[in-house]
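Given as structure tokens, the chain that follows is alone and in the form predicted alone.
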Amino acid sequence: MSTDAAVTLSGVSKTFPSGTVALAPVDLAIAPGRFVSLVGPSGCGKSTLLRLIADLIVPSSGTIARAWTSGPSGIGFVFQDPTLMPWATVADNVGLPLRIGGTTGDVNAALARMGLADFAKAYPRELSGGMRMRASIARAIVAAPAMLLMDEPFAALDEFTRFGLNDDLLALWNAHRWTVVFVTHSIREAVFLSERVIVMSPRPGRIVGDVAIQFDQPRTAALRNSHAFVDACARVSGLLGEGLAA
């Protein structure tokens, strides 16, 4: 077990009460301040792994060591659906973790970081899909969490909006260096965002690849059209194909 990791999973598996074996034993250590993506086919346990890290569910076997105190201020979680309260303003939605956890944070600063400074008094119904996701991310970072966990947050967005949010997320990460674990079905998104891509097999999920992504920061839109980027995507795709075949 790594002693300097933000989170370390040792022999962690998960079987649900229905009998579904979601995860085979997984060993994974993530260093502080790193951006790591999880890719794999639907149902391979990516979201289960994220929820285990977040302490939202408990493992069936194995241990999870976290470098932060479990609780509302330890993590920020961004779901695929923004899950905003429709009756509350954007500012009230973003401030929810502070009220629940009794922690301090600057709602206005979080809104400004996500380009929503002028929408504090708006309601979710008045926002586009991309803006609602920006509000969800602002809510996740308002309490300055030790780790940011993101479960396919941009999957439902159009490509233009998705690319813009990718760029903004990377800019935020470069500024604050949160530890990020990002689940996506998009190999291109994973390679563009990450320093490390973890490739998972079909259920029961297990790690079949661990690819270091060594492009310089900051990353620009031009990277997506480079030969090096295409090659990195091909490496991840090849490992994914091997996992599916196995």
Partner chain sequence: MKRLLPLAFGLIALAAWEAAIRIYQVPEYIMPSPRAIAQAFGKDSGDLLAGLLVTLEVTVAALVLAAFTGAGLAFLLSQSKLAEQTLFPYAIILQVTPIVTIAPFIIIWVSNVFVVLLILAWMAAIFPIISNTLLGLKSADPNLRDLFRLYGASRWQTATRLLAPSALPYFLGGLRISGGLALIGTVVAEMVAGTSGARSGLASRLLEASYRLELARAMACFALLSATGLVLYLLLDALSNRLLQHWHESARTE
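Positions refer to the first chain, counted from 1. Bear in mind the structure is a predicted one, so any value in this text is a computation, not a measurement.
There is another form of the same protein, the form predicted together with its partner chain; it is not shown, and what comes next is about it.
Undergrad: Can you work out whether L172 and its partner chain are in contact in the predicted bound form, taking contact to mean some heavy atom pair no more than 4.5 Å apart?
TA: Outside the cut-off, so no.
Undergrad: May I ask you to check whether D55 falls inside a 4.5 Å heavy atom distance of its partner chain in the predicted bound form?
TA: Yes.
Undergrad: I'd like to know if P97 sits close to its partner chain in the predicted bound form, meaning any non-hydrogen atom pair within 4.5 angstroms.
TA: Flag for P97 set to yes.
Undergrad: Would you please decide whether W87 lies within 4.5 angstroms of its partner chain in the predicted bound form, comparing each non-hydrogen atom pair?
TA: It does: once its partner chain is placed as it appears in the predicted bound form, W87 has a heavy atom within 4.5 Å of it.
Undergrad: Report the residue, out of H185, R51, R188, R34, that has at least one non-hydrogen atom within 4.5 angstroms of its partner chain in the predicted bound form.
TA: When its partner chain is considered in the predicted bound form, the option within 4.5 Å is R51.
Undergrad: If you check M150, M131, A140, L165 against its partner chain in the predicted bound form, which one has a heavy atom within 4.5 Å?
TA: For this set of options, the contacting one is A140.
Undergrad: Mind telling me which stretch in 152-160, 98-106, 172-180, 111-119 gets its heavy atoms within 4.5 Å of its partner chain in the predicted bound form?
TA: Careful reading of the contacts points to 98-106.
Undergrad: Just give me the residues of 101-135, first to last, that have a heavy atom within 4.5 Å of its partner chain in the predicted bound form.
TA: Sequence-ordered list: Y123, R125.
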